[in-house]
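First come two forms of one protein chain, each written alone as structure tokens, so that there is a structure 1 and a structure 2.
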Structure 1
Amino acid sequence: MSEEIRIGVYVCHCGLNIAGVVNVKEVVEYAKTLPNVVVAKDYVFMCSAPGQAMIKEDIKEHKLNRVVVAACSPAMHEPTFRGVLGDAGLNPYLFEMANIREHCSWVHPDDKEAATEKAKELVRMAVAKARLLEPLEKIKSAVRPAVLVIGGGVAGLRATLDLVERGFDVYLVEKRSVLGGNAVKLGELAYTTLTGKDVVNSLVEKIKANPKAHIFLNSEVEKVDGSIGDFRVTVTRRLGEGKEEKIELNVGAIIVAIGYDPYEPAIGEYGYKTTDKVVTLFQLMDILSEEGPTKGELLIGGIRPKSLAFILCVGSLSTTPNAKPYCSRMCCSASLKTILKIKEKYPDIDVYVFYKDMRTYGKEEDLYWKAIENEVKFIRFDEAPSVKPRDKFVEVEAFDTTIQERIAIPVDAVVLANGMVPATDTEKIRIMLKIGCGADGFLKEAHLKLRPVEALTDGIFLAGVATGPKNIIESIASGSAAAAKAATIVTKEEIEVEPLIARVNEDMCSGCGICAALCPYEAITIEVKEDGKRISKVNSMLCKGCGTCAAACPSGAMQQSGFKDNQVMAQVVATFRGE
């Protein structure tokens, strides 16, 4: 004999967010008339402790086996109310939520009567689905207590150091022959005498001293299988003389810290590569380095320039046809820090800065004012300056928006402050790990505020400039953040994932393979049984419950737990029949 369905409906006022528009009492009285509803109540804040206690008490007193809450977005409080059911001894997935705030009161503030009627319909739909809900159990899997870090820049190094100091094995894979990425090319950092190389060396020294760190240089990740808690990774290491070796790793989490590539100006862009008097900011930093080709002496084009022009936003803010639309964040500050270093050593040098937007954010604005105190001249442009190499000098011409005049300044050399673009491996890594990316080409976090440094694929985290331009401090901080997130996985013996995934009715499945071909997470494979029958198999740890397979299945064999065909159809019928 099937269990009697006993539903409790709870309508939230959300202060005045809902009650200021929707007649909550009227919705409650309507809910009492719906089939299988044995109790219906309202409260000012259902998510509050008293509101949660009300639901727990009613579950026991009225022997409820289904609960519907009409309140805000499920994205905000669905986990809260599922926890309430669990605390009361009821399966957490026997819960349905109706969004009568974002879907009702907030979008119909000027028509309270219509908003109230819509709230009733949303509750009616939720109750119809709740009748058909089934208990589900979270899926568990063992966790490998190790982490893979892809990329040996400052973000990857910081993440590695944090994790090995917590006692976890970390496999650091770097495609270059040295660690440090682009940070080693940076000169002195703002507000410190340390260079980027100093920061890198400090991190590398500590990492190499820890036996939990396993470093693979000249190596690349070729393949990743498995899922959160148990990723199976194939790494190819180049040994030289055309020889390679394959290394198989098992890890519980992956951190992607692949960094960026400096924007490479096209030949002729601002005179680049048409004269040795035009260099990039990174090239200038190398020149000023004591280990550089000129042993720290400022020599460009074979001479010590008496005048320099810096052009900012090269490759950024759509200044030229090839430039990206975004700001690269660190170029202004890095340029000003370099200029101040030059002025300190060569106080007689004339420096001109051509800029579109000066973005020395935070305390780094001090660099701008110090540059002005050192008689650095700033020229703002809207349209990119032109650079014309002459016999003994370079002429930089631009329309100065401040004085509203076109000016031409002859200088001995030009420095291009080039921005950041996604690393060349970004697309390969994105496809391999099934990570999203934004319109700018950088990897995309699951949610900038709610799930920073997390990828959409569980168990994979993003650090540093892999997700967009950052300065060295921000990159280090995001490396630590990614390590902290990864540690929440590898500290556990087993991982739990939501059971709202696709499931196959093998008796109905014809093995057509449509679901496997469409699955964006490669969670479905086709298995051939001993009798030759083909059936679909879902990897429960890879499935993200997107519903693509269930929607495409021609036989109805593939069903989405929590959103089965009969459950969704019950909502549709309730919408149009009003019952």
Structure 2
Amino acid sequence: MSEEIRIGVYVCHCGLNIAGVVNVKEVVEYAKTLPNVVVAKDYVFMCSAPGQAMIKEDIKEHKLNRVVVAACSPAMHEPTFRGVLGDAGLNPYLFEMANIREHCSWVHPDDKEAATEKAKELVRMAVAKARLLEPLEKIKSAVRPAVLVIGGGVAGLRATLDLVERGFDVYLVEKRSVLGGNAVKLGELAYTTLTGKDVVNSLVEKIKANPKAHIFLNSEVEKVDGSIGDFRVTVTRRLGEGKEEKIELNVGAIIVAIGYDPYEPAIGEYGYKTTDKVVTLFQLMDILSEEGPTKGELLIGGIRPKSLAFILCVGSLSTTPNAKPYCSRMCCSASLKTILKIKEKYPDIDVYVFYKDMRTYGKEEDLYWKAIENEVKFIRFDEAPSVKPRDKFVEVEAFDTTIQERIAIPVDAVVLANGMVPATDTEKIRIMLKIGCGADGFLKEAHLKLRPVEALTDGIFLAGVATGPKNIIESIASGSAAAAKAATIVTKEEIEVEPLIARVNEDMCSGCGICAALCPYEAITIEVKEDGKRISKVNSMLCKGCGTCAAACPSGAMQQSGFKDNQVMAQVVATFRGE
């Protein structure tokens, strides 16, 4: 590099946060002795307007071409100071930060000498790296103003409707032949007289009336390439008679709303499938539906029961060895709402509810008190009840923790309030889109509180039960949330991506392909040039800048901008000595 390196070092007091422990003046004097440092200063709050102005003036006055700020964590103010460089006409990536607050003054308050020594070394390390920094430009990419929604349950439908109403093209891909997902199976919903099907129909009608909505039924996403702003998607649609067609789509963002599968009890679990007198809650809701097999008549195993036992937490709260550890959030309320409907139509039926924890949370508490008023009997258990089919009835036996006694209740039929498990396709989608999942198997948001509905992969959003149990209200709300988030991307014409990505020195690359095999994003391909030379190519829109390729490259041809071998090595060396 022919240009003379001129570094400015700025040491922040952060009031007394740093200066109360670290001898800031000593750090400044030390910084002045480091090679290429032409100016070093301290200030009470470097991030304040006067602090920023000082750096800007110095960049011009001292012709600085690198800046080091020793202050808080870069997580806090790196963007601030990069902005300062940009404003002063210097490339924002010619900046390095030394973390002398979170990593130094705050954790070593009792040893001022050691803290000052450490701060000096952290500055020395930052200066060593700064010397080798190179200007970088943010990568710009055009955004396709369209969104792919995977899954046509309530969450996906709501997201679709919100986005088409904002004028975006939405491609809604549903695996089944009908829209609505599990919600269509739900009977009358809490707080309303609407059924799940009513809610679905109202959404579907509006979506179908909007020319921006493109619905693909019997279809599955097979392949997704590209990245935020420009995903290329291959969808396979089943046409019947074993025929398929492939559809290519190009979208700026993706919403994953693949829902859940109802927990399927094992054969014999609570007597399931050993007698026709044991049904799941979903089956019961189907029986009670006007369009169901009995046209809404309550008939279980051919008889109209005079007594019913509901067992809650089937498949949830670790009640049985097969059960999941989490609460499925909807089954308590859905069971009680169903019971109240039954009581309305058949007031003579005795209903017993075996529960582990009554989680009619929020306003749904009302359902619980209404059930009590309707003389529904609640029996609390710790250990799962046993269900024993007898000749003419079914016996449910449990240790009632309230009265501290074992009880056995004969009933005509048993309803298992089965919870939710991740949809069958979750793993396939997770791998295809490179999004994380938790130990429970549900997809994972980037951060539950700071980045809800966002997947860790940019441009991909998650809605509905795909990320974990939700009731229908929460699912619909998350559909709207995901749509709003996706809109923040597709409303832009162009997006900027961090340039801290991998780049290849083609002259040094031997095309061995180690990097390509390691890349978690398939961002690297091996190309054969006209002269037969194999070289590695990085797709800058796919690369997320982890640097695992650079760590493995045997020739040093693959480098990560901002974390090049020489830059990191300079920091390592500067940890121990100045130059």
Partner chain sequence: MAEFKPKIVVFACNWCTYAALDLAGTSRMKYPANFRVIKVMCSGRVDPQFVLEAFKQGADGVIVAGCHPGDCHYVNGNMKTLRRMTMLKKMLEEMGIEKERFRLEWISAAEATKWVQVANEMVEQVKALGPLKPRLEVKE
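Throughout, rigid core stands for the largest set of C-alpha atoms superposing within 1.5 Å between the two forms. Numbers given to residues start at 1 and step along the sequence of structure 1. These figures come from a predicted structure and were not determined experimentally.
Engineer: Assuming the other structure does not fit, state which one is the form predicted together with the partner chain.
Structural biologist: Note: form predicted together with the partner chain is structure 2; the other is not.
Engineer: C-alpha of residue 83: shift of 2 angstroms or more between structure 1 and structure 2, rigid core aligned?
Structural biologist: Yes; residue 83 is a residue whose C-alpha shifts (by 2 Å or more) between structure 1 and structure 2 when the cores are overlaid.
Engineer: After a rigid core superposition, would you say the CA of residue 253 moves by 2 angstroms or more between structure 1 and structure 2, or not?
Structural biologist: It does not reach a 2 Å shift.
Engineer: Would you tell me if residue 508 moves between structure 1 and structure 2 by 2 Å or more at its C-alpha, with the rigid core held superposed?
Structural biologist: Residue 508: C-alpha displaced by 2 Å or more between structure 1 and structure 2.
Engineer: How many angstrom apart are the two C-alpha positions of residue 26 between structure 1 and structure 2, if you fit on the rigid core?
Structural biologist: Here the C-alpha difference is 8.5 Å.
Engineer: By how many angstrom does residue 125 shift at its CA between structure 1 and structure 2 when the core is held fixed?
Structural biologist: Residue 125 C-alpha displacement between structure 1 and structure 2, core-aligned: 4.8 Å.
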